[in-house]
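Given as structure tokens, the chain that follows is alone and in the form predicted on its own.
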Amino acid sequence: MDARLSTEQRELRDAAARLAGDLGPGSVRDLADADRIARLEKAVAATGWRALRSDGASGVEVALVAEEFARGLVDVPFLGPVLAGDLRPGDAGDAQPWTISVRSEAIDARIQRVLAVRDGQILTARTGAELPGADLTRVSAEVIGPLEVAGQLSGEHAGRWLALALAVTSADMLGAARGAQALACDYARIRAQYGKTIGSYQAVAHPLAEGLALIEGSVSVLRHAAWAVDALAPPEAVRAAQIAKVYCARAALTICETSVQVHGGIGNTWECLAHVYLRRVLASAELFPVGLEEIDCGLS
């Protein structure tokens, strides 16, 4: 495995980062800005990145976009359509996007058409009413039937799709962790206490340094899992993705909780973005959840 990104992959990552930085919410209040959301939706649709997988992109490239979108709290559908595109590669030119359901919930309420995978079959349905959830950037919806069979899924395709789903949701958590880490570091540089910025105190600096180490570890395990989606046999790819999901979930949760603590009292208020990152991590951890007992090695 060559862990280095190609020139095209770096350009894709940088383009996704710019889009998220320009149109993602810069505050909790921005989450309710309908004009911003409309412009963001138009921009994401114009990129064609929702069809990355059906256009032949690798797992690494899909994970790069997912990571940058989560870092910038992009709050329009991406995960659902890109995973649905891997299930229906022949529909790359379909103007109307699909999303996927997890445990009978569609993960993108704004999209009307849903794909589900059950017992080797691809089923179709439609979204219903929105469902309450912790994530303020991604709204789920109920799935309404009847479920109709749209095709069969081979064992190899099902394995690679599961590995992709685990890798992409791990990338989503890593991106949110990076955003929360940057938010905390920026605050630690400007918030002064007892005549010094709080970042100069070990009680703040050490947890932030630990967060940086956790991010570097998450990048390593995620890059391998995203590469494995296409390069390894499906059972090995799923195992690599499961390990990435467990590691990234633990790391991201620690980083987001640290970000809340670094902000002190304001970190527990609605106006602080730290809780939005934390909510996104908690929601992504429950998409295709993995327990430590499912892998045969311990993680400290």
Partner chain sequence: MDYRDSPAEAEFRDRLRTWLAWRGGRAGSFPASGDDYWRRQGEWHQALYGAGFFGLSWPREYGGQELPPVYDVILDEELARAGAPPRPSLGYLVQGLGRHGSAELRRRFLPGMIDGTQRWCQGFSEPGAGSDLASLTTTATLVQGDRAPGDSADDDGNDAEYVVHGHKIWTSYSDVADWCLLLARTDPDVPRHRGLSAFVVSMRQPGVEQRPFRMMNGITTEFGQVLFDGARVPADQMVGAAGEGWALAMTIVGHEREPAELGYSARYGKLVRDLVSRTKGSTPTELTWAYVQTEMLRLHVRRRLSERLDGVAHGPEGSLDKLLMTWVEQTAGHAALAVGGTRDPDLLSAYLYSRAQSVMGGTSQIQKNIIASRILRLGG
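Numbering follows the first chain given and starts at 1. Please read these numbers as outputs of a predicted model, since none were measured by experiment.
Not pictured, yet referred to below: the form predicted together with its partner chain.
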His275 within 4.5 Å of its partner chain in the model of the complex, heavy atoms: no
Applying a 4.5 Å heavy atom distance criterion, does Glu210 contact its partner chain in the model of the complex? yes
Examine Val60 and determine whether its closest non-hydrogen atom to its partner chain in the model of the complex is within 4.5 angstroms. yes
Test of understanding: in the model of the complex, would Gln112 fall inside 4.5 Å of its partner chain by heavy atoms? no
Partner-contacting position among Ile144, Leu153, Val139, Cys185 - heavy atom within 4.5 Å of its partner chain in the model of the complex: Cys185
With the partner omitted here, the residue among Ala231, Ala43, Leu253, Leu31 that in the model of the complex has a heavy atom within 4.5 Å of its partner chain is Ala231
Contact segment among 265-273, 22-30, 241-249, 48-56, judged by heavy atoms lying within 4.5 Å of its partner chain in the model of the complex: 241-249
Could you list which residues of 205-225 come within 4.5 Å of its partner chain in the model of the complex, counting heavy atoms only? Ala205, His206, Leu208, Ala209, Glu210, Leu212, Ala213, Leu214, Glu216, Gly217, Val219, Ser220, Val221, Arg223, His224
